[in-house]
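Below you will find one chain, with nothing else, as structure tokens; this is the form predicted alone, and questions on how it binds or moves follow later.
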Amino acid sequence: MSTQQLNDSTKTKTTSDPPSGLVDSVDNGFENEYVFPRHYLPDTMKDDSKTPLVLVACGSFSPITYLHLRMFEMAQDHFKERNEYELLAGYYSPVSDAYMKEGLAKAKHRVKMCTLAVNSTSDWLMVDSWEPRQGSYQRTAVVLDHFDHELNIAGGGIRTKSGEQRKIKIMLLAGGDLIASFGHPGVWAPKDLHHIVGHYGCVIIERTGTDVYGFLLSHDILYQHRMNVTVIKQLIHNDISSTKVRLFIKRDMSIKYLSPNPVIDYIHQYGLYKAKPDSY
């Protein structure tokens, strides 16, 4: 993830006015007007003694895989065993087309694939299309601010069983490979890391070959905010990656059981990730 300027493109209608710096752009090919998804958010907490929590996964999701889905399930298992947080819902926030990453399908396709994935597999995960609708790349810190605005300012947080309104804590859900990029020079602005990890917090799913604890020890900003970082080990290692899925498609190999069937059908329907004739 690179640090870039905030989006200054034309503003479109949202559920409520966003805070300064959060600016909507044209729809970038999306058929419907933007509405923040809330259909799986509960109206009331189950346990007032806990802190309400929403997890947000940012990334390309080109395409979404079973590992992207498993990350949320592993996080859910983790928080079920502990008494600090009540996990309310999870969101995918795909990057916009302005990210310009190799192998990145159009944002409208990635949002649709993520939506097909969660609709066919989950009753608590949602896909937010605010970030992929933007005309410029949105820093992760800004995306989390957007969720804070929608959930806690526009949405008013969540009601407790006693009738009070409580602010929802938002944390970034990420794989160990993304967290390792925090240490790459020039990729993340220090102020963004303080904002992401210090103000919000991170839930990190360890991936094969990543030493998250060692990295936390060596990275000054992460170590400073280490109490706001939750590391979850994979009990069953899963190395599925979008890069490998795209390569399989390019080589005309099967991707069955790597992504949900509706996603696979959509990829074939629109011919996504196929090798171009001039690439041979």
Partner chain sequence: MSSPNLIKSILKSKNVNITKSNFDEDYAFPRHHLPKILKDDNKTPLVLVACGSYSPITYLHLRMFEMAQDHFKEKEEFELIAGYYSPVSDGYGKEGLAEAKHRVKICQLAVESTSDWLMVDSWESRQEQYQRTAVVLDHFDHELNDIGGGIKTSTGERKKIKIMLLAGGDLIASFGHPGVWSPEDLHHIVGHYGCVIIERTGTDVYGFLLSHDVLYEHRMNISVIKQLIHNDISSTKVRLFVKRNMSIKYLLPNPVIDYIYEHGLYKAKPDTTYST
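Numbering follows the first chain given and starts at 1. All figures in this text were calculated on a predicted structure; none of them were measured in a lab.
Beyond what is shown, the protein has a form predicted in complex with its partner chain; the following relates to that form.
With a 4.5 Å cutoff on heavy atoms, V54 does not count as touching its partner chain in the model of the complex; it lies far away. Its partner chain is not drawn, but in the model of the complex it has no heavy atom within 4.5 Å of Y270. At a distance threshold of 4.5 angstroms between non-hydrogen atoms, N238 is in contact with its partner chain in the model of the complex. Although the partner is absent here, Y34 lies well away from its partner chain in the model of the complex, with no heavy atom inside 4.5 Å. F248 is the sole member of F248, F30, Y40, Y223 with a non-hydrogen atom within 4.5 Å of its partner chain in the model of the complex. This chain is drawn without its partner chain; in the model of the complex, the residue among I255, V212, M45, V229 with a heavy atom within 4.5 Å of it is I255. For the marked spot (Y66, E73 and D77), a heavy atom within 4.5 Å of its partner chain in the model of the complex is present in each of the three residues.
Only one segment in the set 121-129, 156-164, 102-110, 141-149 has residues whose heavy atoms sit within 4.5 Å of its partner chain in the model of the complex; it is 121-129. Residues of 90-113 placing a heavy atom within 4.5 Å of its partner chain in the model of the complex: none.
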